[in-house]
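What follows is a single chain, given as structure tokens, in the form predicted alone.
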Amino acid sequence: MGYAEVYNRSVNDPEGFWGEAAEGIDWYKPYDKVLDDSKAPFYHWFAGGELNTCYNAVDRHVESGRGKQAAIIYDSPVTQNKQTITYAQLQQQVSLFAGGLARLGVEKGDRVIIYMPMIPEALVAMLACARLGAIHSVVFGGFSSNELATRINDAKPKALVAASCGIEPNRVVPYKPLLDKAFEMAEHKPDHCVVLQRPQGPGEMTAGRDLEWNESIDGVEPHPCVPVKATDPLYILYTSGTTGKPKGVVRDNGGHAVALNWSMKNIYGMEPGEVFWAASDVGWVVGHSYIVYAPLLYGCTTVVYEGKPVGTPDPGAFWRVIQEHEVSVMFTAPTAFRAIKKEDSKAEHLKRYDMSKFRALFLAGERCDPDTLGWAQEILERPVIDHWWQTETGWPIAANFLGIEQFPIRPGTAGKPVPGYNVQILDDHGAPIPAGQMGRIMIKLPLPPACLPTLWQNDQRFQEAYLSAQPGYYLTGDSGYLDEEGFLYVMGRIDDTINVAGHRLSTGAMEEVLASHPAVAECAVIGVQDTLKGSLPMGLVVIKSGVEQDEESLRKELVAQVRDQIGPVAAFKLVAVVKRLPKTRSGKILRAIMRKIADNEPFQPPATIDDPAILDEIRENLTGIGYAEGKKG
């Protein structure tokens, strides 16, 4: 079947569609119902069924004769360390660590917070929790003590699992002092903390509470997989940039396993035994879904990379990993490719490597401008696919489909809606918007399997945040449009759509124009306050390395380019040249923060910001063109 047939069946017969997909997962007890809608808008997939996610991701592959196949390839240029872990070895490590956690009193339904960098033990800890039926909550390694304490108070974990430090290209980040301070700050006090002592930065242990990793498994018996209900939580993942009480996105076991297993073949075109690489971090949803669970559920080999796209040691880092480990498909953020393009715009480093086993590149996390997508496709000579999804959904909402029907690459679009997602464009009153016109991107309920069923212990907030905008629909928070052929264009967050003298304009469209200039490495457009027009667009651009052009002439060219392609209605005349843009660690550009800096409004830097010092640079740049510090041009 082609895409249209598959998609239509998924929307018109979701129970038949997902019931068939569920045959790809091993169940201890068959489910009573594919979709339980008796408590709508709280929908439950595979109600009554019992399974274990760790069994499906590890044990069943060993039992089917794939024990000698690599499950995890660990590649760490920052420690000069590489390691391959087979499925059989992974089963042994996970079952022993699960035994260690059980000895500390961790049982089905208990929470465990994991605070680790990109190392195999992070995956072992996650899978060990899943094995026990415990609920893990991974917190990005290096998060502040306050943010960690907030999550401890919300999840109330029985135990923590941490590494003593993380390693950046030029520094060691001590985790243990941050962890100890979080323990002091938190009202809830976990019973135990298992610490993996890394030689690059060992931490001081607290007697009676802390246990070294090897000590925790010394003398324990391997623990079997514990059956859990399909509707039981597998993990909690707190959304980035939370203030006050964080939003804990809940992921269930059954729907998650079914949808992610299905996605590997149908979206990413993978086969069991092939190497899949998501160059992200286990602290983000991409890491949960496509470093850990999806590749292992499907029987692939997953790459755990502790490094950067540039600087570890050079812009050829990704190409080395692809060649060395024979990666078939890669998934990363557009930000990573912009960084490579900025440092090596002619792709000289790529020429040193054999990419013959590499089939496709997927991009997500930040909207990919057509210029970056075109550059990547030109140098790789492979499909470069921009696709779109959210922490809340756990897997793609829109994509291209290497395992169903591959569409021609269209720069600017995130592809077509993924089977299971009934994507619609509605106006502020809930009326459908014609093809080609901007509106709110909504998903008609029920959401497909693997999407959040609710927020951790907060059903009311779940309804208020996601379901209240339009009854019967999930609000994505993004604006965009569907074209005549059904391709989805995600133009940015709803609050990034600016109103210039009564005209609603997409900052994403302006960013596309700026990014197409040959001197621009990356950019962002924000709406700033204006007494006459209400809002005015402001562009912030980073110049490519090695480009010599004076800032004033560049500004004039960019203003003229936007005026030519968007029109005079955009009133685009403000451009700031900056050294770098503020981002979260997952690569999202912090447009809302820059908007507040420009408008001289108070703001709280999100916990996920990569480098807070950038904000001072931005303020300085904006002050230089008459914005920020209360000066309006």
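Quick note: we count residues from 1 along the sequence shown, nothing fancier. Think of the rigid core as the biggest set of C-alphas that the two forms share within 1.5 Å after superposition. Not measured: the values here are computed from a predicted model.
Missing here is the form predicted in complex with ligand AMP; even so, the following discussion is about that form.
Undergrad: Sort through Phe358, Trp456, Tyr473, Trp389 and report the residue having a heavy atom within 4.5 Å of ligand AMP in the model of the complex.
TA: Selected residue: Trp389.
Undergrad: Which one, Asn499, Thr206, Asn146, Gln463, lies within 4.5 Å of ligand AMP in the model of the complex by heavy atoms?
TA: Going through each option in turn, the one that passes is Asn499.
Undergrad: Give a yes or no on whether each residue among Asp75, Glu274 and Gln323 has a heavy atom within 4.5 Å of ligand AMP in the model of the complex.
TA: No, none of Asp75, Glu274 and Gln323 comes within 4.5 Å of ligand AMP in the model of the complex.
Undergrad: Can you tell me which of 121-129, 255-263, 361-369, 78-86 lies within 4.5 Å of ligand AMP in the model of the complex, counting heavy atoms only?
TA: That would be stretch 361-369.
Undergrad: Does ligand AMP come within 4.5 Å of any heavy atom of Ser516 in the model of the complex?
TA: Close contact is absent here: in the model of the complex, Ser516 is far from ligand AMP, nothing within 4.5 Å, heavy atoms only.
Undergrad: Though only this chain appears here, would Arg382 touch ligand AMP in the model of the complex if you measure heavy atom gaps against 4.5 Å?
TA: Flag for Arg382 set to no.
Undergrad: Just checking whether Val490 would be counted as a contact of ligand AMP in the model of the complex - the rule being heavy atoms within 4.5 angstroms.
TA: Heavy-atom contact with ligand AMP at 4.5 Å: present for Val490.
Undergrad: Taking heavy atoms only, is Thr231 within 4.5 angstroms of ligand AMP in the model of the complex?
TA: Outside the cut-off, so no.
Undergrad: Cα of Ala40 displaced 2 Å or more between this form and the one not shown, core superposed?
TA: Comparing forms between this form and the one not shown, the Ala40 CA shifts below 2 Å.
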